[in-house]
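In the form predicted alone, a lone chain appears below as structure tokens.
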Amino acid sequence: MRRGTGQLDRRTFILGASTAAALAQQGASSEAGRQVYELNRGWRYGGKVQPGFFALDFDDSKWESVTLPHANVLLPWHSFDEKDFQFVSAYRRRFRALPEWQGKRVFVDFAGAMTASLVAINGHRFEEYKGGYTPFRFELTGHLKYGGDNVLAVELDSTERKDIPPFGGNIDYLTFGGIYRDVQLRVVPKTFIENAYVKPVRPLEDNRALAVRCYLNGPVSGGTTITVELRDGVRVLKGHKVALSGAAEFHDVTVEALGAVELWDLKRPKLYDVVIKLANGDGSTDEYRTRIGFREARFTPAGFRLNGAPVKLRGLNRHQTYPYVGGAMPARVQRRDAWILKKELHCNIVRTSHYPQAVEFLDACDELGLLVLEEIPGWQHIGDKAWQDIAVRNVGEMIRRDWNHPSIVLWGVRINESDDNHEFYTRTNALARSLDDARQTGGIRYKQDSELLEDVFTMNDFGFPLKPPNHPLYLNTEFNGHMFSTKRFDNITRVAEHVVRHARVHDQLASDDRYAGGIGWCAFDYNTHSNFGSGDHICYHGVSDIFRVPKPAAYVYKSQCDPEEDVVLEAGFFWSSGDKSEAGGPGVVPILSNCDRLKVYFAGALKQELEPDRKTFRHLKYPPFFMDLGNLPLDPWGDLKIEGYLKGKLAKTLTLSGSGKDADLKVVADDAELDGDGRDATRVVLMTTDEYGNIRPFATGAVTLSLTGPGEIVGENPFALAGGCGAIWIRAKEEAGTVKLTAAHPYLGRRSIEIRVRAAPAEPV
């Protein structure tokens, strides 16, 4: 019988990068009393099967060899049939159960598989797990062949089953199939640490403490002790040891008088390790590690407070799906999205719409100082009692998995934009509060008169002006998006209006402290069903495109950082003279910058000097600038140069070409090195630019790609540029060497890049 869900060992997720890399070289972690083995390579994939394939006796040696994360089918980046990935598929993984595992307990941990998983070990079937976004595990102990080969089999149903959230109604996003997150084997003592909730106590006072709630699995014998240590790297700052008096649901340990502990905040997100050691009365031991930050995060009637200081929340919603493979991207790619949101777009919060997302993404949010609103799977529809039971279970799985992330400041415990359901949402809130009393709850709604059972009134408001806050704790969680979806290659008037719509909402949010802030819809364009979006299976709602390349509206977010962090000067328009609307535009166009003053040059002569538009955008710290193209002598047409000044000194220059030609092909990889484990990957952006490096928004052309070395292309080849750019990903093979990617444009010639692939050890089982 399955012993529960949602209790993944997080060894690869919780350690610092250098520590995790060192353990990876050993093939498995070796914390005291437990071993954790990666089980992501060496899988065989049988493709589409009929339900019930477990009962068949067959040879799988001709199945495709794959690594995890894995998409059950590769797809075009748009204009495909969403039924293409909705089928039942089969996976198998053979592994050797080591003789030294005898006398211990062995679990297989799945971080996520879409959507319903039937798992078997050596022919023994476990109960079906229903859910695509939350972790699950099974105990293999009684079914293993020690010293011999074992067969782990998965029958994966990736159809949209109405008995599983978020399905049952319509959803405006796609749930791509496959075992799209990692799998591990976990070998532990008979009694082990299942999980630990670690809560900083009095973080803003001098007498800081740590409250640790330890969840044990297995019998507790006399003489058993738990030791909790707070560590800064390898240095132990403080520890405390307690003796256990007997069996209980959990055991509380408090570490007092921590002294000078650095706080976790947006600019310096300081992290500490907590090491929990279990010494069982029978002589066995176990060790559990997690990572925390000391901070106080509260929504108040006067807005959001982090460590007692006001922070106006400014962020974007994120779907975790990618072109070609859906959610099946490895840690490096998941982490990159957090980097884009924090470092490229300068957001301070992200909402994981509309489901729990990859732990690697959340780890990066911890490390970068990016706040998170995390929510359970769902979109408008509430199913029957059994469906609701799964959703309540999702609340527990989400919180137990992620409760130690300092970046998470709000639990979303309501189905996005659903109607009121008093009994259901009483259950979700009660469970959240019983598990984590340090965070508030929210529930995303679209009705102002919705019943408030959560702590924070989280509201999707797509109108303008926004509705005034009608509850003491109020956060706008969606605006714009589908109300004004904008493609990279739309005309100048629409692109400029897209910019203005995001800016004016954030200006209103900044006008009243009762707004905690706002989370725009959304960060990236995403694949959708045929009855949503633009008819090509894409919702063009993002401020960046589906490849994570910014549209001009993204620069509204980027420009709101202090110049000491990043001097921003970006055009909120395309430089063209004839791309006009019926109203006669382009006329007045926005420029996004945190400079004090701009100078505009045309044909080498100074034509305009601009100040931020503080009259229209009175509340934004760095309002947009507006340039009237009607005041420029546009005949003959030529280059436009904009200079940004800070305190009277030139700080940045932007030059836009007036030549009207595609001047260059750029090929840019996010990373120069990958691990040769058959799964590591990096994005490669393809761009047609002008002479000054700006993307040409109407450029086309099929770029033909060729690759040598230990890697493969994930994406379309040839790749037809849309809006002047696009991207593929390079996935490393299971060997070391150098990947050389060459892109050939029919008019702009060839460009090449190289990516080094490091050797990675084989998985030991």
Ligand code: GAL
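Just so we're clear, the structure is a prediction, and the values are computed from it rather than from any experiment. In case it trips you up, residue 1 is the first one in the sequence shown, and so on.
Although it is not shown, the form predicted in complex with the ligand is what the next lines describe.
Participant: Tell me, please, which stretch of 360-368, 412-420, 652-660, 594-602 lies within 4.5 angstroms of the ligand in the model of the complex when heavy atoms are compared?
Facilitator: Looking at the partner contacts, the answer comes out as 412-420.
Participant: Hey, in the model of the complex, is residue 471 touching the ligand, heavy atoms inside 4.5 Å?
Facilitator: Contact check for residue 471: no, nothing within 4.5 Å of the ligand in the model of the complex.
Participant: Might residue 172 be said to contact the ligand in the model of the complex, defining contact as any heavy atom within 4.5 Å?
Facilitator: The answer is yes: residue 172 has a heavy atom within 4.5 Å of the ligand.
Participant: I'd like to know whether residue 462 contacts the ligand in the model of the complex, with contact meaning heavy atoms within 4.5 angstroms.
Facilitator: Output for residue 462 is yes: heavy atoms within 4.5 Å of the ligand.
Participant: Would residue 379 count as touching the ligand in the model of the complex under a 4.5 Å heavy atom rule?
Facilitator: Residue 379: yes, in contact with the ligand in the model of the complex.
Participant: Would you mind picking the one in 125, 482, 607, 145 that has a heavy atom within 4.5 Å of the ligand in the model of the complex?
Facilitator: When the ligand is considered in the model of the complex, the option within 4.5 Å is 482.
Participant: If the cut-off is 4.5 angstroms on heavy atoms, which of these, 555, 264, 176, 521, is the one near the ligand in the model of the complex?
Facilitator: By the 4.5 Å criterion, the partner-contacting residue is 521.
Participant: Give, in sequence order, every residue of 525-541 that has a heavy atom within 4.5 Å of the ligand in the model of the complex, or say none if there are no such residues.
Facilitator: Contacts from 525-541: 526, 541.
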